[in-house]
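One chain comes next, on its own, written out as structure tokens in the form predicted on its own.
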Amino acid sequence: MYAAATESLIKQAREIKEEELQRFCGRVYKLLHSKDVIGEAVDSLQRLHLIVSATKYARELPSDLLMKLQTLLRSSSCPEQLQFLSSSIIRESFPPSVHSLSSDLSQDSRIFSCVAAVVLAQAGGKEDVMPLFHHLMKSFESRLSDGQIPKHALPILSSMITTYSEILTDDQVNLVSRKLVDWLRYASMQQGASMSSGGFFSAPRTRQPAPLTEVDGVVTGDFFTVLCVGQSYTEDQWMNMYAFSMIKSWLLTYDTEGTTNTESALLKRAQIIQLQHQDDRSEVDSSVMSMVSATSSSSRLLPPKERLREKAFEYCQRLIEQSDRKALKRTDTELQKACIVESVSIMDIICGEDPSYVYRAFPCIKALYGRLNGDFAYARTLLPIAQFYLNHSETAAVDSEAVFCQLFGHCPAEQFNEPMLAFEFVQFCLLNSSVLQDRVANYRQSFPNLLKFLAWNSSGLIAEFVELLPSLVAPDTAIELLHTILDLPCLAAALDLQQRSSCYQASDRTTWDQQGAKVAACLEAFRQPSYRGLFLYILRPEAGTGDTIDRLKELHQILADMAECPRVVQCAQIVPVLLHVYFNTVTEKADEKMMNQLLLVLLERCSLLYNIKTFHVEVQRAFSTHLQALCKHHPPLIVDQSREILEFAGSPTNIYSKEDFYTHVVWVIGEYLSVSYDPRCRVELITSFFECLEAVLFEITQVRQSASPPSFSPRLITVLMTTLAKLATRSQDLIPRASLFLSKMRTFARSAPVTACYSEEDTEEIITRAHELINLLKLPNVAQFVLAPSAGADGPRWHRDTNASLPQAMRTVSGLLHKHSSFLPA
């Protein structure tokens, strides 16, 4: 989210008309030809960049201005800020400048980087980047002095292979692999030369290069890595850093040849080991090392890509060893964490391509996990470690249960308020959802913990959880998951209180009161022992303690003052979305028992929801949609749960608090309470439902002088009437009662309270529906067929084939309605 001022500027930039843009470009063009107004030119170029980048489409700039910007871009004497602004503007503008900029590429690294940024952004295909690519490869092929090493080349190459991976030939891949090996492994061990002042009377002199140090201040004794510290760095040290930053993408893109065949890779390495007998620097057991490790000298016999794999593996092992040191600076501690994440990920890729590395990597990874386990400051580093265990624990016959118990059991509960961890954690689950379902027992059991990420970071993770939720649905916990989704706003409120409670001591009443009287009251309740069980359940780390709790209504009352909290409101808005995903998943997988349980949950929870504005309405609307789907998928539900449905449908109070859901319940009764769907549907059961709905319709349509206007919609009346008529056709003894009742609907529709509340169209709809149903009931056989067609009557044949009986029946009834006016009641 942008600040209000920033949003205002972006909006102004988007609304600039073409004529105004052209005039502004003319002023910018004149400024760029003036030599003494660099500051004003920079300001104008910044404004122009905002204008061209504020919209999705490229803005067309005058050709003379584009030519001037290209000239500035290629000028070695142009100030750096002007060059970068020119590059940024050209990237976002129209027409493209790819061909004109690619025709004569500069050797200057800064100019080349700016030009490359434009070419890569505007290229329409591989042909557009070929001149840039050829120029780039020449810099790799040439033997340049240390001062001329092309630092700019690796970032550009990394961007290029991301889009055009096939652009490199095998020879070029081998060339770059050899270069990467040299930069990774053979950077100098001394700091870069720095100039020091010689004092007032003497000239500046070059200081003697000092040795590099580790993050804890100890002099470095091994090869250079990104965790080596110095005041300044040499060019090859910078190349070492660049090489490490792109090695992961490089291995994923190109280091696959010869590694898919595991047996040949192992045989090749075993032959090299037999020829070369040297000391090993790994931490693994010597018996294992004698089988799978290659020494420094033996690695020189490997092909370039395999040698790069070997050196990258050694580099990552060294970084993991360095990360165990106590950093003197906080920034170095953060760098250690980032290096752990990257190193473990690279080792994971290498082991995936050559399983012989698994046995060398696991001792290092296990030691790393043992060191970081339990330290929540390193929670993000556990994700690549868990990924490594997930991918390779079976190969190494290592038990990974403890790793995933820690990952799913503790990280979300303690670090739910870390947005970056939340995003990466959910991405990890998405990437591995199928494997986690099959191999990690506590993955599906941990959904109460995983949903804490969503409850706290709802707006940022909704798309991810929509994709992730189906993988969390399991037969034994599906009902508990549904309750947990419905209680998600309560979870958000409880997490908020937990966070506040940990920050403020109970004795510090002043600080509590500053939170507001409502929040202070909720904090007080959160710390009450009598409510501890409620909060322990809603904050539980895993499933299995019960589908829900009996005191849910009490919990809603305790958290009532948190209902307007922005986080809680935002969380409530995503619940209907999750409900749709949940039911779409469950409906396809659920058995008869689960279907019955789901229907009971719908009937129970439609009135047992956290009292948030519009939350009840949205959830009940979702319930209504999926009630129809459940009953269509398994029609015997109506008979199975007849007692509960009768109890729900027979209570007029449900109409006033949950009309939409109630209307759908009545509709499914009329649609699926039929012997054609369930042979258990006897006359007695039909009569029970008929009498129940008849009593409800009678109660809500009584016409009294003191009666208040109806607070329900005409749609409910018509659905109730239609359902009564449907039930009457299935037990024809009920037809006279239904007809008599329907004949009284004109009186109700024309009564003063109704006409004061409903429009003329609404009242006519009620009267017309009553007349149509009465006429149908006078022809019981036709009525039964029209009002309750067979299960296949909604198929295309019944509506397209003129010889089918349904169209004939409809034409017959239509003719009766139009020709026999005597059928219409007075």
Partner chain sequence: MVLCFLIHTVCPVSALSAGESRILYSRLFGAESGDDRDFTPEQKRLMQKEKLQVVARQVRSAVCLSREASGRLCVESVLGEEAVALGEADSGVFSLGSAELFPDRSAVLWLGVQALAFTLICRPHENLLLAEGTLRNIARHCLEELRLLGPGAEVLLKSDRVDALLHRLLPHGQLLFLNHRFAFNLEKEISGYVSK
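We call the rigid core the largest set of C-alpha positions that still match within 1.5 Å between the two forms. Only a predicted model underlies this, so the values are computations on that prediction, with no experimental measurement involved. Positions refer to the first chain, counted from 1.
Keep in mind the form predicted together with the partner chain is missing from the figure; the text below concerns it.
Looking at 595 to 603, 634 to 642, 177 to 185, 419 to 427, the stretch with residues near the partner chain in the predicted bound form, meaning non-hydrogen atoms within 4.5 angstroms, turns out to be 419 to 427. Across the proposed site, 121, 232 and 241 without exception bring a heavy atom within 4.5 Å of the partner chain in the predicted bound form. Contact between residue 729 and the partner chain in the predicted bound form is not found at the 4.5 Å heavy atom cutoff. Residue 224 belongs to the set of residues with a heavy atom inside 4.5 Å of the partner chain in the predicted bound form. Remark: residue 519 does not count among the residues lining the partner chain in the predicted bound form, judged by a heavy atom distance of 4.5 Å or less.
Contact annotation for residue 771: none of its heavy atoms lies within 4.5 Å of the partner chain in the predicted bound form. The single contact residue among 50, 779, 786, 32, judged by any heavy atom lying within 4.5 Å of the partner chain in the predicted bound form, is 50.
Of the residues given (534, 473, 341, 72), 341 alone sits with a heavy atom within 4.5 Å of the partner chain in the predicted bound form. Interface residues of 569 to 592, taken as those with a heavy atom within 4.5 Å of the partner chain in the predicted bound form (partner not displayed), are limited to 570. When the rigid core is held fixed, the Cα atom of residue 49 travels 2 angstroms or more between this form and the one not shown.
In the core-superposed comparison between this form and the one not shown, the C-alpha atom of residue 96 has shifted by at least 2 angstroms.
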